[in-house]
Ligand SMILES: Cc1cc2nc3c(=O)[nH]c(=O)nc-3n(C[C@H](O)[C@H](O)[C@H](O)COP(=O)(O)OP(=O)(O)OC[C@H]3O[C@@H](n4cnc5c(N)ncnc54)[C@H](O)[C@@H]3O)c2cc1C
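There is one chain below, alone, in structure tokens, taken in the form predicted on its own.
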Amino acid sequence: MVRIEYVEAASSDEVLAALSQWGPDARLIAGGTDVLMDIRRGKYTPPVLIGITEIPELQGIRPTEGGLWIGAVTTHHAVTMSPLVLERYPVLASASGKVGSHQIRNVATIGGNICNAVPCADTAPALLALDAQAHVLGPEGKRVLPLDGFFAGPGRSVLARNELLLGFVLPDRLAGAGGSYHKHSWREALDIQMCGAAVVLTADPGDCRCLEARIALGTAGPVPRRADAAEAALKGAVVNEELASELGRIAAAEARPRTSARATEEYRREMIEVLVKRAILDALAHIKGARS
């Protein structure tokens, strides 16, 4: 039986010190829903697990300069139930509410969901559509990364081994915008997505003309991605069912899904088309509902 050390860090500086001491094979652990499973599967055996859940700097959901701060160790349950998220960024509350089961959401963290950098992460499309920024701390100090450039490949992010994700800032300009997240999986609970789509848009509730649009896709390529062509076609257009159908086709055409044990490339493209249409129409319904 392999011995794995455990260190509970009380501050961000202690995390950096532990990473420096133990080297690149050390692993950070918060909820542990993925790290522990990977260890059990033999994917890796780290010399040490560095606990980060008790670090105040990584906790909480609160207004901050330019938007809303969500700490990296905030659980999906906390995100889903937060009045601030529900009121200002409901697309993220919806996405966090679709992660695993109730038991998993009680311990799994939003930071872990993103740092795993898997294409099927439910919160990734929502955060991409919200233009979220990741705040990172390393030996050279803090840096801010747009989430659009955070993912380097399947299971890989741009984070260095000696860096720590502190949390995310969601911009004020999209607070209260219409948003919706849809995923497709065989079962509503527990199953990871075959594909997913998040839409955030601002529109004139009178004539339904789109002023700003963000469309992001999950499991539509090697990394979660924005649907740039669909966004360009949506901005400035009058949103209706016919347009939403066309935008679904555009998004499906620019996606790069692959065939896997869970679904074929062709099936994923069909579902992306459906999910993008639904998400656009739901986002518009949110805008109209806010006006009434």
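Worth saying up front: this structure is predicted, and the values here are computed from it rather than measured. All residue numbers are counted from 1 along the displayed sequence.
Although not depicted, the form predicted in complex with the ligand is the subject of the following passage.
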Looking in the predicted complex, is the ligand within 4.5 Å of a heavy atom from each of G31, G111 and I192? yes
Heavy atom within 4.5 Å of the ligand in the predicted complex - the one residue of A233, V48, L243, V35 that qualifies: V35
Which of these residues, G138, G100, P222, P90, gets a heavy atom within 4.5 Å of the ligand in the predicted complex? G100
Of these, 126 to 134, 82 to 90, 161 to 169, 212 to 220, which stretch puts a heavy atom within 4.5 angstroms of the ligand in the predicted complex? 161 to 169
Please check if I52 has a heavy atom lying within 4.5 Å of any heavy atom of the ligand in the predicted complex. yes
A72 versus the ligand, in the predicted complex: is there a non-hydrogen atom within 4.5 Å? yes
Within a 4.5 Å heavy atom cut-off, is N116 in contact with the ligand in the predicted complex? yes
Looking in the predicted complex, any heavy atom of R27 within 4.5 Å of the ligand? yes
